[in-house]
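Encoded as structure tokens, the following chain is the form predicted on its own, with no partner shown.
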């Protein structure tokens, strides 16, 4: 698909794509995704975002193992996860959960896992990570939109990154760098289409909430 897709078309048709083909994504396209992410703003223009593209099979397996631990905790019976939401039926929730499980079972086979990190210049702790989100998530969104424009599936997950020490060990991160998000990237097995979101009159007000 052409990378000239309109911005609004990309935003309104950027479904979560967890089921991905195993065929290789060209390196130049992966670099293009990170280059798009790198154009995003950051607090005080510090530009602390760092990006790891994991293609090595052994590394993918290690990350897949960490993701399995996170997913199993997420889908466990004691999580309090709702079966349905006002804007998402039980059937749609179940399909989403099935896709999460599919991704868990196949993550080690997916062609590229991109890890969004932040370099803080000081040892990372929970408070440091909490402050860094505003400077990394804009880049992640840029990456997702760039992937959509290139016809690639890319869906962020944090389930693999709950054990910060284990993640740092797998990725050889210094103690000044924290991993925020893992983004599997590949050619989608499903179809792109419009996203389903709450109507704008439910989520927006002018001047004050009423």
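Residue numbers count along the first chain shown, from 1. Model, not experiment: these values are computed from the prediction.
Omitted here: the form predicted in complex with a further copy of the same chain. The next part is about that form.
| Can you pick the one in 64, 36, 161, 185 that has a heavy atom within 4.5 Å of a further copy of the same chain in the predicted bound form? | Only one option qualifies, and that one is 36.
| said: Just checking whether residue 69 would be counted as a contact of a further copy of the same chain in the predicted bound form - the rule being heavy atoms within 4.5 angstroms. | reply: Although a further copy of the same chain is absent here, residue 69 would stay clear of it in the predicted bound form, with no heavy atoms inside 4.5 Å.
| said: Can you tell me if residue 175 lies within 4.5 angstroms of a further copy of the same chain in the predicted bound form, counting non-hydrogen atoms only? | reply: Contact check for residue 175: no, nothing within 4.5 Å of a further copy of the same chain in the predicted bound form.
| query | Looking at the partner-bound form in the predicted bound form, is residue 166 within 4.5 Å of a further copy of the same chain by any heavy atom? | reply | Close contact is absent here: in the predicted bound form, residue 166 is far from a further copy of the same chain, nothing within 4.5 Å, heavy atoms only.
| task | With heavy atoms only and a cut-off of 4.5 Å, decide whether residue 10 touches a further copy of the same chain in the predicted bound form. | result | Yes - in the predicted bound form, heavy atoms of residue 10 and a further copy of the same chain come within 4.5 Å of each other.
| said: a further copy of the same chain is absent from this chain, but in the predicted bound form, do 73, 106 and 189 each have a non-hydrogen atom within 4.5 Å of it? | reply: No, the whole trio is out of contact, none within 4.5 Å by any heavy atom.
| Residues of stretch 115 to 143 in contact with a further copy of the same chain in the predicted bound form (4.5 Å, non-hydrogen atom) | Residues within 4.5 Å: 130, 133, 134, 137, 138, 141, 142.
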